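As structure tokens, the next two blocks hold two forms of the same chain, structure 1 and structure 2.
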Structure 1
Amino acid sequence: MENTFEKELSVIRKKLAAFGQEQLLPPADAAGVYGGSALREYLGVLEKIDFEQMNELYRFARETSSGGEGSISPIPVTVAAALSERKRARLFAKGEKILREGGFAAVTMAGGQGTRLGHDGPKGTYDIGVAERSLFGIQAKRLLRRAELSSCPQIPWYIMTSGENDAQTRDFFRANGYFGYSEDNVRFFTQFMLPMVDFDGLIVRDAPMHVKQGADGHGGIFRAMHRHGIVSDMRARGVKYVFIGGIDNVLVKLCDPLFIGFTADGGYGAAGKSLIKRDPREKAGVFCLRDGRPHVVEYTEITEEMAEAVDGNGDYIYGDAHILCNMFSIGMLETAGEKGLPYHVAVKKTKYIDREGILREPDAPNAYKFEAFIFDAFSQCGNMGILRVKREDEFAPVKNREGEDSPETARALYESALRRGALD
């Protein structure tokens, strides 16, 4: 049995030596101890790793500490509530026309780990205690309802999963009869994973033949859509505008004719919905321009001076929070998919196999994780529109198990929107 792996092993051994990653070599008696198929699978994983990229990312992690420099200035924002009735009706009608012509698709990003919620299963399967019984169910119902209200065909719905939750997500849809959606109109695709690297630059294993990998962040969506043929599929259907949102905002309007019309009318490559921050320290990134290009400064990177800055009316200059509700033109998705996005570094605590082959559980962060952020794509488009909406109508995130942004707060906000008839 072992001989069949000898050639493959010797290629991998050379590669690992060349990149200083020999700790990843399988144990000498791997085929005997773990079985041939486990060894084959592991070698397959090692073959797919781009070691050059990993070494580059490690160097980047050692050198960088912030999200970058650049001169920051305010970005123009359109306040939805201040639109005249005429303009609102015109934009809405424009959006509905695009919908009826099949020019729109919705994407839900559901590849996150949902660590803070701590639910056993994909976050979209979580039940906040409403009639729809899961976050996926809530989104499906809303999309179906919009199609009915706008007299348009079912809206193509794409769902991004991760290697970790893809099978469970598909099973959940099957078990729930696709929530009334036609199977042809729901398509799943997985985002890519990247190995985690320890502070010495060594790729981490969390079992003798298992590399510790993490989803490459919500910004990984562009590369994933491009590589999995999702953008071509959309083009073939005649889609021109694509909304991308998260799974964990129970008030997300995956299909909002006003927002589609706003994007089309402005000729924007990308558009984002915003809402005014509750207070300057709310944990949300804010829209702005950096060196004249659309940008989001993360709450972890914002200076006190920037967060507190007010204009002559006492309004926050950088108060428009990014809520992961964005629209892209199909052309923009192609560009971002080909170019990809830069990675950011997060420091994480993860179990690891040490040099003696023993599994260790550290008390402090011990590894780098690499993630791309969706909003880094904004700078690739010169022309971006921001539409400020009402928090109570469009934002109720499920992030934490308890307290702020928890299932309980989201349920209360959802029920209140339902009572006000704000769920169309």
Structure 2
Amino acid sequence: MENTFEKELSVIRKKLAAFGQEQLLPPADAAGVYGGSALREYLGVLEKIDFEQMNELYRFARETSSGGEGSISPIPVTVAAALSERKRARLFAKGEKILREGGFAAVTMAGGQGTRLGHDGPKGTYDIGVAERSLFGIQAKRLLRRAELSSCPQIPWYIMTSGENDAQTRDFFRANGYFGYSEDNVRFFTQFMLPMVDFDGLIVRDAPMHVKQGADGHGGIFRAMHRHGIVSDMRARGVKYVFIGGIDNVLVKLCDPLFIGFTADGGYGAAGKSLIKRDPREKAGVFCLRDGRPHVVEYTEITEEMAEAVDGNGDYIYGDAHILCNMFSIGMLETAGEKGLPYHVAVKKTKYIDREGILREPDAPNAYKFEAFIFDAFSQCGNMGILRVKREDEFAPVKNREGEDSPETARALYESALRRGALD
């Protein structure tokens, strides 16, 4: 075993020493205690870490401010319900034409687990108690239904998983016959992970041979799509517009001809759907302009004054919530994928292995987590369209086991929309 791993260990030792990360070295008896396959897997993880990048992110975390600078102003919004019948029909027809020509694709972000719901498995495999049997089934049905209604080919569907749930997700699709989809039109790709770093700049281990890592945020989807060849595949298919949304909103319209037509007609590099906040402190970021460019202010950064500001009609000035329903031109995806998005820093409390090899549980935050946010791509657009929609028709997230935004509330909203014919 020593001969098998000694060369790899020697390379890893030098690499870790060069970056002052020797605490990540596996135990001397790792192969005997944990097995050769476990050691090989751990060395593979260490080999993939970009230590130069982690050093840069650590320096950024130590130097960064809250990031709240800039002049904030309202952003123009188009209210879908206020469109004339003539304009609505024109935009809808334009979207359907793009669908029939194969110019559209849908992307679902599904890297999370169903842990908060008490579900053992990928969140997309969770069943809220409707006929479609899973969150993936709900989205598949909607995509297939739109293809039928618009007389277009199957809509290419790209699903971003995580290293943790990729295999389970693929198995679930196979077990369910891809929900009636052609395998050629469904493609999976994994999001990237970034190690957590403690306040001294050391990458965190939470087990003798396990690096504590976190998903690089929904904004990491652009890098992932670029590096996994997803955007190239879209280009080859003739795709011009791409919808990106999450798995947990059971009312999400992944393939809304009106939204596609709205984006194309406005010549927007990006477009987003919004809905009016329930109350001033709803936990949702809001669309705005920062220094004249499209932006989303997270609810944690919204001042009391900004949250409660109303116009002459009593409507919230900053009331259009970002619900992670976004459309991008293929060119915008290419730009964001090549450039990447900046990372934001979150301070977290996490268990760690100390220098003596003992697992510690801190009493206070002790590490940095790095995430990119999808809405940072908006500022790269010359112009962006915001389409305000109705909450009851398009937003029913499944986030909590019970209470607000739970399977029970989502099911009720889904069944109500079904009865009203609002799902098509």
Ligand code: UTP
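What you see is a predicted model, and the numbers here were worked out from it, not measured in a lab. Counting starts at 1 and follows the sequence of structure 1. Between two forms, the rigid core is defined as the largest C-alpha subset superposing within 1.5 Å.
Only one of the two shown forms is the form predicted on its own, so please name it by number.
Structure 2, which is the form predicted on its own, differs in this respect from structure 1.
After a rigid core superposition, would you say the CA of Gln168 moves by 2 angstroms or more between the two structures, or not?
No, its C-alpha moves less than 2 Å.
Using a superposition on the rigid core, decide whether the Cα position of Val11 changes by 2 angstroms or more between the two structures.
Passes the 2 Å threshold, so yes.
Per-residue C-alpha change between the two structures, Ser84, threshold 2 Å, rigid core fit:
No: Ser84 shifts by under 2 Å between the two structures.
Report, to one decimal in Å, how far the Cα of Pro362 moves between the two structures once the rigid core is superposed.
Displacement of the alpha carbon, after core fit: 3.9 Å.
Check the Cα of Gln113 between the two structures on a core superposition and give its shift in Å.
C-alpha displacement of Gln113 between the two structures: 4.2 Å.
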